[in-house]
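Before any questions on binding or motion, here is one chain by itself as structure tokens, the form predicted alone.
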Amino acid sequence: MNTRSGFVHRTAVSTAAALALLAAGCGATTGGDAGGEASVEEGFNVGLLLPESKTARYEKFDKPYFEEALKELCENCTLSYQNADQETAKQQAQADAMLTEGIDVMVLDAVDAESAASIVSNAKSQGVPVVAYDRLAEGGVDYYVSFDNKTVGKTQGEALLEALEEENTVNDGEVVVIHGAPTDPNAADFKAGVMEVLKGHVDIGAEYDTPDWSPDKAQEQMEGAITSVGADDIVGVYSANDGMAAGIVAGLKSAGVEDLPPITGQDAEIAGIQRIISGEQYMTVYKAIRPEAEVAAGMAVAAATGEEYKGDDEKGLTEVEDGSGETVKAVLLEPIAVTEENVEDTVVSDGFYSIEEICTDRYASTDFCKTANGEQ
């Protein structure tokens, strides 16, 4: 498994490459019926709709990275931004308000992919192209950028299986599987990927879906699994993301479990990285958000100005099918598994976090922090 995140430079469209694409002329079409009237020289209004704030990445990384990339591509463009706090109706109202305001292109990370079809349809009826960001909204969006989400699930499953094999516990107990939100199409892909790896190789003692990706609900589910399976018989836990992993760890600790089993995660949240270096979580999945935001900005500018977004030579467009059967042009980036062994070679070397941010006083005594600070 790749232990470095050099794919950031290989797969992301650099701002220079995107500018070159945009400078090629304004005669191409986006492949949809909307957009094409705006210009980079005069600037235009971009609407960015993100789904929730329980997961730390959206406010801390996605929004500022997108804003930075947009400014690089279109100095005179303005950004309208809203976060739906995991409420479908709220996101619908936010989208309606942005369209009334007069945005020229919408970048949408849907709370609910199926319900978002009405947002997409309304935008397109007003000549506003839509870029699906991170989650594939239905309704025939113009472009989509995310990660290869089935591969994310496979990466998590392979890491968990590897940890169980290292501990020689594959046949000694059962694995608890806690998936993400059933309204998130990415969660379905994660589930398909991880179950493809785990089924037939481990005994699954309990399996849940977690509404809203809620850490509190994940903790309740973990406590229920402990009751039904027995704490001593749980040899591993699949958690679909880091926020839920926090709830899972809390549930195990509240049951008196001191020697925690391997637990997976996703999103490379700072708390997840800190749990990894302290031995409370086995791994997370690092999805470099900056290149995802850069691609989304490039797609948005292309769609608004009538350009055809082509990607770059190493990571061009592919095609995916949304839940309603519409074919969508997409860029899918590659996820990276992060364990204690490659924290420094991934999230640190990419500038996602610094050693100082990771190694706070609470974690200064870990082997990772002592080594990073030259103490051993």
Ligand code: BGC
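Residues carry their position along the shown sequence, with the first being 1. None of the values given here were measured: they were computed from a predicted structure.
From this point on, the text means the form predicted together with this ligand, which you will not see here.
In summary, among the residues 134, 104, 138, 294, the only one with a non-hydrogen atom within 4.5 Å of this ligand in the predicted complex is 134. None of 221, 281, 186, 91 but one reaches within 4.5 angstroms of this ligand in the predicted complex through a heavy atom, and that residue is 186. Against this ligand in the predicted complex, the set 52, 55 and 213 is in full contact: each member has a heavy atom within 4.5 Å. Contact check for residue 267: a non-hydrogen atom falls within 4.5 Å of this ligand in the predicted complex.
Although the partner is absent here, residue 287 lies within 4.5 Å of this ligand in the predicted complex, judged by heavy atoms.
Not displayed here, this ligand is kept clear of residue 143 by more than 4.5 Å at the level of heavy atoms in the predicted complex. Interface residue remark: residue 155 is not counted as part of the site for this ligand in the predicted complex, having no heavy atom within 4.5 Å. Partner proximity in the predicted complex, defined as non-hydrogen atoms within 4.5 angstroms of this ligand, places exactly one of 328 to 336, 36 to 44, 56 to 64, 343 to 351 at the interface: 56 to 64.
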